[in-house]
Structure formats: C-alpha cells, structure tokens
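A lone chain, given as structure tokens: the form predicted on its own.
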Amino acid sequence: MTAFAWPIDQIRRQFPGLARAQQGRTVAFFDGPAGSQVPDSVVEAVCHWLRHTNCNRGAAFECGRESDAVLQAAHEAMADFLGADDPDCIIFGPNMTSLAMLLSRSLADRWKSGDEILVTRLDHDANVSPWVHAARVAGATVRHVDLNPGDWTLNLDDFQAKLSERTRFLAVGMASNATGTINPVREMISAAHAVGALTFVDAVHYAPHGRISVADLNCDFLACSAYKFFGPHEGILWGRRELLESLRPWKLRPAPDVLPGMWMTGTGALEAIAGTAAAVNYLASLADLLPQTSPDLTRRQKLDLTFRAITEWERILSLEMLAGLKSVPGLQIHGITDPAHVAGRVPTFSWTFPDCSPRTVSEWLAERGLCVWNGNAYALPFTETAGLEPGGTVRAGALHYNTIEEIERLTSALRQFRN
C-alpha cells in the first residue's frame, strides 16, 4: 500500500458532509474522535427504515416482519464487525455509556467487600465511572493502573503489581480517545483471566481504525459506538452468551427473558440500528475499491481487507500529522511522539501550548474551516493525571477519509497561529 493506492477520491464522494464549505473553502473535519461523518448509504438506510419499515419489534403484520428482518440483519452485521459467532450476543442501546451502566448494575450483584476492580487512568470516563459506581454499591475496591509520564502510555509494571487473585474485573480501552495510544489489551486480558477476573474492552475509539475480533482478544465483554465508525448514534455491547444469560439485567417484567432482548431495555432507536448495519456494509464495500479483491469474499473477509488498508493509510496520516505538529513552535504533544512507534497509536493527537488555552486555539482554527475539539474529551482520568485540567487539550484526529493535504493545511495554520 502506498499513498497513491488508497482510493481517497472515491471514498470522499460518498460523504455529503465532506463537501461543506466555509468562506469559499472546503471544511476539513478533524473531529472524528468525537464522531465521524456518515456516507450516503447510511443516511439512506435510516431514511428507508423510517419511510418503509417504521414499526416496533415483534408485530404480526407485514411491515413489522420486514422491520424485524432489517434489525436481525443488523445483529448479524455487527457480529461480523466484531468477529463474533452469535448475533444474539450483540446488544444495541442508546450509547456505550448507557450500556456500560446497565452492565455495571448487574455485575455489582456478584461483587462483594474484598473484591478488587481494575481500571486505568488512560480511559474515557465511560469505562471508569460505571465500574466505580458499581464497586461502591458492592463494597468492592477500585484500583487504577497508572501511566508512564514520558508518553502517557499504560504502566504495565503497575498493572501487574495491582493485578491479584482479588481482582474480579478489568476494564481497559483498546485505544485512547485522548492520546491515540493503542493498548496491549490482548496481553492484559490474558493476565486478568489467569487470576480469574472478567474483562471489559472499550473499543469505541479503536473501531474506525482497526479490525476487531472478540474471539482473538478472548475478552468477556466489548463495547463500541456506531457514530464513531461512520454510522448513526447507537451503542453496541457484545458479551459471552453464558455471562449475558447468567447475569440479571435491570429490565421491565414484560421484556424478553432471552437474548438479545433481555438486555435491550425499552424501545430502541430502531432506525439507528438499521443505519448501524449500513455503516458495517459501507466499510465492507471499501474492499471492492482495492486492487485484486475477489468478488466471492464474505463480509468478514472484506472487512479484513478494508481494515488492513485503513491501517496502512492511517499510518501515513499519523506520520504526516506527527511531523507537522512537531514543526509548530511551542506545541507539546501528549502521547507517543516517536515515529518509530507510530504503529502503537491511531492518528488521534492531543496537544497544548504553554501560553494559550485550548479553547482559543480551537476557535482560531474554526474560523479557518479546520474542525478540532478542545477540552478533556471525557478522558478525565487522563487529563487529571497529566495535570491538564481545567482546560484539557486541543484534539485533532484523522480518519480514513482525511487527506495528507488537509493535515498540511492544519499544521500550516498552527504555524501561522504561533507566528
């Protein structure tokens, strides 16, 4: 894969939002870490469901049966996306936070005084506070894995020191939504299982960047959000069948007692579930734009090819962003900055200036059609540990539809800002 092999023009034409202009110039979206743009196929899937199959689950009439078929297809699509064998173990909900809160209540029933829950200081707070609240209810102890101050990666020695036979649960993010760091989750899961702990992986930030396989990770639960991988606002939880069936979800009495309905509380945003399937299908379709793709591949095989290509394209974008940000006087990147270790991160970058607030920077860039975020990005455990509160950081992230030219425009603007 070279910089010229990625079909960037064909990809960008599918995203209506990328055509947005400001003062006669195309807007450059670097806000992917907070939510991606969506392709036309996702918009059409949401609209088609609302226009033609707008019906609650389980109806006896034709429209209801058609809607149920669309929703079942979404469970199957997400099973392919997550490398899961059982579509009924795919749970849809309002967002990852709500699903984690729901699961945490049920896990709290199993915890007791003397048990220990392990979380990290690099995670989004949605993968910390739900477990902290549950531990408080159960009387369990929460322990926090510390960070290496040099590059703000997880301190694995501290992880090993805090992992013990009292550990009942490990929650860890696959990639940091603040620093872009990819965590060694497979190794951490293996270590946690060795002491008898259950494991939960927050894959929200990683999902648009790399291939996920719950079978390969060997985790017990994993969550992600469709609005991060080019879909609508919808959360997804996967869990092992034996755990989902043995835990007691907080639900209403008329709700189903079988998977997946027993965990899908209330009436969901069914049009968003339909759009989520379309987002998976969009990603699979990118394989057809790559050279020498066989027409006989399954959706899972196409997703394998797509994410291999995305990883390589984003490696190029990461190196470009890293070099450009390093060229800006006074700019401090918080995270991995060694180009030799670029494979250990996704192209999400947080930075600060010593004499300027992150909000001032983001507003200045916004006036020039460059969309970045400022604040703590809900990664409060990290920003508190790094001493970055209350302002947080400036955060810019690239996705597979971003270009080298957009990154050059961003870093050039930042150099202008400092001059």
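Start at 1 with the first residue shown and count on from there. If you're wondering where the values come from, they're calculated on a predicted model, not measured in any experiment.
The same protein also has a form predicted in complex with a small molecule, omitted here; what follows describes it.
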Please pick out the stretch from 198-206, 315-323, 289-297, 185-193 that is in contact with the small molecule in the predicted bound form, where contact means heavy atoms within 4.5 Å.
198-206
Taking any heavy atom pair closer than or equal to 4.5 Å as contact, tell me whether residue 227 reaches the small molecule in the predicted bound form.
yes
Closest heavy atom of residue 75 to the small molecule in the predicted bound form, within 4.5 Å or not?
no
Given that the partner is absent here, does residue 96 sit within 4.5 Å of the small molecule in the predicted bound form, heavy atoms only?
yes
Exercise: residue 345 in contact with the small molecule in the predicted bound form, heavy atom 4.5 Å
no
So which of 126, 284, 331, 119 reaches within 4.5 angstroms of the small molecule in the predicted bound form, heavy atom to heavy atom?
126
